[in-house]
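Presented below, as structure tokens, is a lone chain in the form predicted on its own.
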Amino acid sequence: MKKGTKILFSSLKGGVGKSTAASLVAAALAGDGYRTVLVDLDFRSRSLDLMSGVTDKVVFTFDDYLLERCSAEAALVKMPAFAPPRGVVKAGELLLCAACTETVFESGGDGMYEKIGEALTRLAEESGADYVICDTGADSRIPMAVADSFADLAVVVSEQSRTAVRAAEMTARRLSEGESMRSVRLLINNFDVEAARRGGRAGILEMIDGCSVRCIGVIPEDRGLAARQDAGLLPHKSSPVVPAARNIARRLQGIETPLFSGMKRERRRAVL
């Protein structure tokens, strides 16, 4: 995907780690030198400001920007991003547009939903973003609005459970049948390598076959990640999720990258 791509993260199933995956990929893109805007559209379970430790800096939320009560500059809060890898002289910026509450958003009626795509397009232009990533909740209305009027690519997030794979299949089908969304990819999140080896959890190929969507990347399990997110911190530099997110970011830039590039040898042997 070329610079300027607008990306939707989605799944009809909650708890699969959409917000985590979206924030990791956004942090990796910013680390690669791109100005990246992350928009929290998960109004029922808004969490990106907490996960990134910027809650106290948030003054305006997405509804304020949509209703033109603030500028793009005022609506965006700087988030921590990955350090630039070798070859990248300077990291870009990662900016968050925080979510409002569902109650605040829905009080405006259907007209608010109809304005989502228009507001996102304006935000992308006014912020000068190289990439815009939209995190959405486990519902169909907001993801479809983003897919139909804004996004170039939908990343459907799934864990290893059968219910998550089925939800990914249903999500991909709905998005690809929308008015404009045609490019959909699968992101396998929180992948338990050892469980896949033992046959206790689905392997990568089984998951891809189960939802019939091309895979853009695999983020392995990191049992310490939740505690760091609760503290508003990025994953530890030794965490396997860091190279995984960088690999996905490179693929979004159109760079061919092996699935487990940069990961430990035992992870590259994961059961497919």
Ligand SMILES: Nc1ncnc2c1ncn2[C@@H]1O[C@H](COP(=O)(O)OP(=O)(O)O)[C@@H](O)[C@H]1O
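Source: prediction; values computed, not measured. All residue numbers are counted from 1 along the displayed sequence.
Omitted here: the form predicted in complex with the ligand. The next part is about that form.
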Check, residue by residue, if T5, I133 and S183 all come within 4.5 Å of the ligand in the predicted bound form, counting heavy atoms only.
no
Picking from 25 to 33, 226 to 234, 64 to 72, 205 to 213, which part of the chain touches the ligand in the predicted bound form when contact means heavy atoms within 4.5 Å?
226 to 234
Exercise: G262 in contact with the ligand in the predicted bound form, heavy atom 4.5 Å:
no
Would you please decide whether P258 lies within 4.5 angstroms of the ligand in the predicted bound form, comparing each non-hydrogen atom pair?
no
Is I219 close to the ligand in the predicted bound form, meaning a heavy atom pair under 4.5 Å apart or at it?
yes
Interface membership of M51, the ligand in the predicted bound form, 4.5 Å heavy atom rule
yes
With the partner left out here, which residues of 14 to 36 have a non-hydrogen atom within 4.5 Å of the ligand in the predicted bound form?
G14, G15, V16, G17, K18, S19, T20
